[in-house]
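Before any questions on how it binds or moves, here is one chain, the form predicted alone, in structure tokens.
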């Protein structure tokens, strides 16, 4: 009996182990809270330390802390909120009707069990915040999904501070989504496949053969996953991460979700409908901390500057695929198109065949890079601490690609 207990076979041992784990968790949490407040109380505020805390395991832990740290991450003066407009923006705004429709459809973004009167009041505040930001920044254009980002800030920090934070975010991290056209949004989506290609060429080639494209990740990107995740805790954890990082980090996180689901994708029929359906249904039980760490490591190993040219080539390739798809369907009228795609993927067509993917390229250095993929969570967080923040970021490569 004593031997069994010492080896951990008995219920007393289980309770002891569980209690130890809980004590360790509480100690780590308490230590992190102390480090966050130490960084906040430094003179000047230690923003680099706050970024590390936001990125590292668990993020910023509580909404109370987020209300203090999120403004620091965006360099917002909480004592100088944007002035309330004296205009009747609901009558003047060209976007009011669309904003109203979107906000009315946002019921599931509010905590379950919230009294109707409280929720309706928050929805009115949500409309006012959006219209105020658009009125103050006429260069910004509303898009469906923007309200999913705004409501997250509203629920965490309240109306006045949410207006300040989202306005800053809209002119920096979200700016490309708020252009008059979707050109820059499409360009950002085109980073997805090159990231996947660097890590898993087989998965990349399968998705290319299926011609699934990247549209399945559009709502992930433009709402920072707020629209597709049902658990608010996971949403704010990702917001901690994204606010502390480069504006393109959400597309890296989208890539690691796809990579995480590699086997599910490869088990699909190799056709656009099947793969798109699978990927557009995002799982709710993802290992978020692992994926956050992996996204950070991939950003360090394959920064946007290395992928910019391939992302531009991807956009051109997608145009070519789209323009020839009807011809492909006609040419394969005697057999199911997905069978042709499977044959291409399995290498049954000759490598020199003209149907070979136009983006196939030498991968001489990929496996050297993959040899250092075993970075730890702590190292990933430390590396990300030196990533350029949104306030320092200037997407020069985008300006060159889209003059």
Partner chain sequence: MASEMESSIEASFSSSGVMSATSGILPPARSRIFKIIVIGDSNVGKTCLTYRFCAGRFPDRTEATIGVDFRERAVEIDGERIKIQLWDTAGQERFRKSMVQHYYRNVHAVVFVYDMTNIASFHSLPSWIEECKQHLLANDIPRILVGNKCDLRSAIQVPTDLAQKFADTHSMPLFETSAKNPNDNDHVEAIFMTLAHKLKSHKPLMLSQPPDNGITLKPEPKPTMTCWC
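Everything numeric here is computed off the predicted structure, so don't read it as measured data. Residue numbers count along the first chain shown, from 1.
We do not show the form predicted in complex with the partner chain, though everything after this point is about it.
Student: Report yes if any heavy atom of residue 192 sits within 4.5 Å of a heavy atom of the partner chain in the predicted bound form; otherwise report no.
Tutor: Taking the distances in the predicted bound form, the answer for residue 192 is no, it never comes within 4.5 Å of the partner chain.
Student: With the partner left out of view, is residue 142 within 4.5 angstroms of the partner chain in the predicted bound form by any non-hydrogen atom?
Tutor: Judged by the heavy-atom cut-off of 4.5 Å, residue 142 is in contact with the partner chain in the predicted bound form.
Student: Would you classify residue 123 as touching the partner chain in the predicted bound form, given a 4.5 Å non-hydrogen atom cut-off?
Tutor: Contact check for residue 123: no, nothing within 4.5 Å of the partner chain in the predicted bound form.
Student: With a 4.5 Å heavy atom cut-off, would you call residue 297 a contact of the partner chain in the predicted bound form?
Tutor: Judged by the heavy-atom cut-off of 4.5 Å, residue 297 is well away from the partner chain in the predicted bound form.
Student: At 4.5 Å by heavy atoms, is each residue in 105, 178 and 277 next to the partner chain in the predicted bound form?
Tutor: Heavy-atom distance to the partner chain in the predicted bound form: all three under 4.5 Å.
Student: Can you pick the one in 301, 98, 78, 137 that has a heavy atom within 4.5 Å of the partner chain in the predicted bound form?
Tutor: Of 301, 98, 78, 137, the residue with a heavy atom within 4.5 Å of the partner chain in the predicted bound form is 98.
Student: Tell me, which of 160, 261, 234, 186 has a heavy atom within 4.5 angstroms of the partner chain in the predicted bound form?
Tutor: By the 4.5 Å criterion, the partner-contacting residue is 186.
Student: Out of 128-136, 289-297, 304-312, 212-220, where are the residues with a heavy atom within 4.5 Å of the partner chain in the predicted bound form?
Tutor: Checking each option against the 4.5 Å cut-off leaves 212-220.
Student: Can you tell me which bits of 221-246 touch the partner chain in the predicted bound form, meaning any heavy atom within 4.5 Å?
Tutor: Residues within 4.5 Å: 222, 223, 227, 228, 229.
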